[in-house]
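Just one chain follows, in the form predicted on its own, and it is written as structure tokens.
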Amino acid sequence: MKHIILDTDPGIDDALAFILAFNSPELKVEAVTTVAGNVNHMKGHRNAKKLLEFLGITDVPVCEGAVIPLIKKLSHAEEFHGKTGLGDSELPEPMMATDPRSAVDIILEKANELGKELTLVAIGPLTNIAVAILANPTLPEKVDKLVIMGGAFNLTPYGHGNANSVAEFNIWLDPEAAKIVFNSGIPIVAVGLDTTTHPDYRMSREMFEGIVSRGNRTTDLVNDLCKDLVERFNGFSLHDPQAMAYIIDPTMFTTEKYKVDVECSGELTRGMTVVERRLYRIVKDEANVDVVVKVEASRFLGLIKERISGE
């Protein structure tokens, strides 16, 4: 069993990642930490508790994290995720209490307790992870790894930006935090737009219709979450679920190791994940990120369909 902390900015695809995580016996979620991103922190934190209560989870601490990026002005993606962050779903207001520990407190506490048995999973901006590293610079040596949904690495034809022409949203929203994390020495696996937007790895309209046709409580929620986006974009990119699937079964994924840094000051390139690919400059020991470049589509989509259909 793999122990994880789920750092999240719930969001529609975050909600699917929640369902996947808590329907996967391979994982034990030690805590959920929230960060401002897809929506403001208040909405995102409330969404995390809504989703846990929907899933019947009462024993996982939910801890508040960063309400703003380290430096840049807070933005959001409500035009994509809806005003609440959860599309057209209408989940009840949560009753569960927020854990009194901060996101940073619980990350450091669990890292001390579990050490290399702990994987950090960040499917939103990296603000909480960066602050935890600043608070304790030994954190990167303690945990097994950090798996992120973030980055546009230009390693496939689909690895271009969505927040601007070269930057993925989670990195773009707090590039200073991402730069701290990428240069901290923590082992990173990055699931970026190179594969999450690849047509072969998206939820097709047919797959969506097959899932919602099951007509159970969970698939009804998936319908409310995703229907509008599936209609608008002729399918749905499984950004955060792909990162979660990597933790569940990394054998479905092919990665390549690169030295990656983050652009923080470019007028047109802020948030870009810059990959060093010059052969004469590449030094194996300097490579800091395992970037996912290929996914076994049938196994990945089969896992998603199985776990979020509740079958």
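The numbering used is simple: start at 1 and walk along the sequence shown. Note that the structure is a prediction, hence the values are computed from the model and not measured.
This protein has a second form, the form predicted in complex with beta-D-ribofuranose, left out of what is shown; the following refers to that one.
Asks: Are any of the heavy atoms in D174 no more than 4.5 Å from a heavy atom of beta-D-ribofuranose in the predicted complex?
Replies: Flag for D174 set to no.
Asks: So in the predicted complex, does F169 come within 4.5 Å of beta-D-ribofuranose, heavy atom to heavy atom?
Replies: F169 belongs to the contact set for beta-D-ribofuranose.
Asks: Test of understanding: in the predicted complex, would N162 fall inside 4.5 Å of beta-D-ribofuranose by heavy atoms?
Replies: Although beta-D-ribofuranose is absent here, N162 would touch it in the predicted complex, with heavy atoms inside 4.5 Å.
Asks: Is there any non-hydrogen atom of N38 lying within 4.5 Å of beta-D-ribofuranose in the predicted complex?
Replies: Contact check for N38: yes, within 4.5 Å of beta-D-ribofuranose in the predicted complex.
Asks: So which stretch, 235-243, 89-97, 139-147, 200-208, is the one near beta-D-ribofuranose in the predicted complex (non-hydrogen atoms, 4.5 Å)?
Replies: It is the stretch 235-243.
Asks: What is the one choice in A103, V222, L193, A190 with a heavy atom within 4.5 Å of beta-D-ribofuranose in the predicted complex?
Replies: Here the answer is residue option L193.
Asks: Looking at V181, I123, I107, A152, which has any heavy atom no more than 4.5 Å from beta-D-ribofuranose in the predicted complex?
Replies: It is I123.
Asks: Which residues in 9-42 have a heavy atom within 4.5 Å of beta-D-ribofuranose in the predicted complex?
Replies: Those in contact are D9, D13, D14, N38.
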